[in-house]
Every structure is written in C-alpha cells, then in structure tokens.
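Take a look at this single chain, the form predicted on its own, given in structure tokens.
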C-alpha cells in the first residue's frame, strides 16, 4: 500500500507540472464539450422558435387560375411572391436557390375545380435541404387544410353532413413531461460526459507507460524491489484521480451552461442542477477505474508516446459506441442492460434527466459490472508488467 501511494503521488504531481497536458486534460476536454453542446442546443432551439414565428414565404405561379386558394393562403399569413414560371423554370429556381418553395397552378385547374374533380397543383421543393423541407411541410399542411375545407363545403352544398367524411377523430394525448421532452435534446450529453471523463486520464496513462519507456526511466523503475502490481496500481490510481477531476469539471460546466439555454421557450425543462450533477458523478464513478485500467493496459503495449496516442485515441471510441446504439434504437433502462459498462451509465443518467425513478439494484449491477471488468483488466495489466518484454 505504501508503494502504491508513493507511485500515485509521483505520477499525480509530475502530471500536475506539465501545464500543456494539464490544460488539455482538465480545461480543454471538460469545458469545450459542454460549451459546444450548449451553443448547438441553443442555436437549434432558437431556430425552431424562429421558424414557427416567421411567416411562410411561397413563390406562386398561376395564381390567377386559383383566386380562392390564393386568398386562403394570404389569410393564413403566407407571404406570396407571384411570378409566372414553367415547370422547368420552377425546378431551376428551387435548385438554384432563388426560391425555396414554388407553388405552380396549372391552366386546367379552374375547369377541374369547378367540375368538383381533383384539381392538381405542383409544389416544388428540395427535400435534400433540411430548411427547405420544413417549409415544404408547412406549405403541404396548409394546402391539405384548404382541400379539407373545400371538401366539407361541397358536401354541405349537396345536403350531406361533413361529419360523414370524418368517421374517426384522433385526439393526441402527450404523456411526456417537460423534462422528458428535454431528453430528446439533451440525450447525447452523456456522450460528452463520458468522453471528458476518459480524456482527463488519457495523457497521464500515456505518459506513465509509453512516455516513461521512451524517456528510459521505466527500466529503472521496474528494477526496484517492489511489487509490479503496486506500481501499476499507483499509476492507475493517479489516472483515476485526474479522470474524477475532469468528470467533476465537465458536470459543473454543463450545469452552468444549461442555465443559459432557453429550453422553456419550447416547453422543455432540464432536470440538471448541482444535485443532478452529484448523482451523475456517483453513477459514473465505477466507470472511472475501468477506463483508467483499459487505457493503461493498451498504452503498456506501445513503445513511444506517439504510438500510444494513436492507439488510445481509437480506444476512446469503444466505450462510447454503446451510447450511439442506444440513441439509434431508442433503448430504455432495463435490468439486462446494466451489465454493459458505459451503456448502463448512459441509461441511468438519461433516467435521471427524465426525472424517472431509478431502481437501486440497477445502480448496483451497473457499478459491479464496471468494477468487475476493471478488476479483470487490472490483473491482465499486472501480469503484462511482470513480463520481461516490459524491459525491452
């Protein structure tokens, strides 16, 4: 234990003196992610609010053929720019960006409309452009409402109740809470949290293994009459310490940043205060030794600092891959998933964000799975350090 603490203090203090590494591990990593994520979410929310408030702009061609439709669009606040275009010209206008949405009314529209037959209109938009696609959806909704109102008027004129055309009415009941809706936006925050956690110990894991080997100090360290397990344990413990500091800084940054994100403007609320940050810290804490041991084990097989950096940059993606699958398949918290490290932490933190109750057994299983795998990796690392190849 004394050897372990001595190695821990040595590695911790040496890394503390490296200002460039310290800035990267404890400032750039933990702070850049929350700030970038907060700016992205704020921009997205502001854009969605602006889109709902800004009047829809549509370029219409052949408005003289559909005066009723034109008046209906104006009454719904649609800003119309009248311009006579052919089909090819309308396509070229949308593709060239001179018009986002073009509504073309053909010449046969009045005759078909008067004969109570389906009267066609052409709506030109670029579905590959996300902004244009949203405008086209709004225009399609307004045109659908106009068609529905005309159909009801025609039924009334023929003495038929319009209700006969509505055999079913669907009243949607949204059971999502404001915090639950916010998870749609904040769900990927857990990726930044775990990534910042790993980044906090990345440079120390490299420097205490491949870095010492490259400097030639590792051979002298291994020649000392001390247990290799104690040496490895001290280095891993120092890496864990920096990972915990990085995690605390990252969570604090998220709490501060999201105080300025306007979630309330879109009917959301973030269950993200300092109390939540402490719960997140407790959930992620068992993952810390797993990440530290994994990085130390991989770095122990490398010969140079650059080689270790290359391998560990790839290794950092492995623990965060389950989060991507969870987002794609919309996985929910299940006891069977608590055996998967990083995924279990993600699901537990997501449940906390939703303000949902968490089963204590799930927390214990998640912690046990992460710590158990960390113990296995520590044994493998200690065995590798006992090999003569470590001196080569």
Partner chain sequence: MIQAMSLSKRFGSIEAARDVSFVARDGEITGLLGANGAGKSTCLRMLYGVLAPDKGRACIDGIDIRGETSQARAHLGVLPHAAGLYNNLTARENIRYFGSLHGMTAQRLTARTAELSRALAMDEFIERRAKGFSQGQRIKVALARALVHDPGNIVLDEPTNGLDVMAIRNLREMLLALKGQGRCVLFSSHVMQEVAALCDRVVIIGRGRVLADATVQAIRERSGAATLEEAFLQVLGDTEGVA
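Residue numbers count along the first chain shown, from 1. Just so you know, these numbers come straight off a predicted model, no measurement behind them.
The discussion below concerns the form predicted together with its partner chain, not included here.
A.B. asks: Of these, 196-204, 244-252, 285-293, 219-227, which stretch puts a heavy atom within 4.5 angstroms of its partner chain in the predicted complex?
C.D. replies: Partner-contacting stretch among the options: 219-227.
A.B. asks: Can any non-hydrogen atom of residue 13 be found within 4.5 angstroms of its partner chain in the predicted complex?
C.D. replies: Yes - in the predicted complex, heavy atoms of residue 13 and its partner chain come within 4.5 Å of each other.
A.B. asks: Report whether the minimum heavy atom distance between residue 212 and its partner chain in the predicted complex is within 4.5 Å.
C.D. replies: Contact check for residue 212: yes, within 4.5 Å of its partner chain in the predicted complex.
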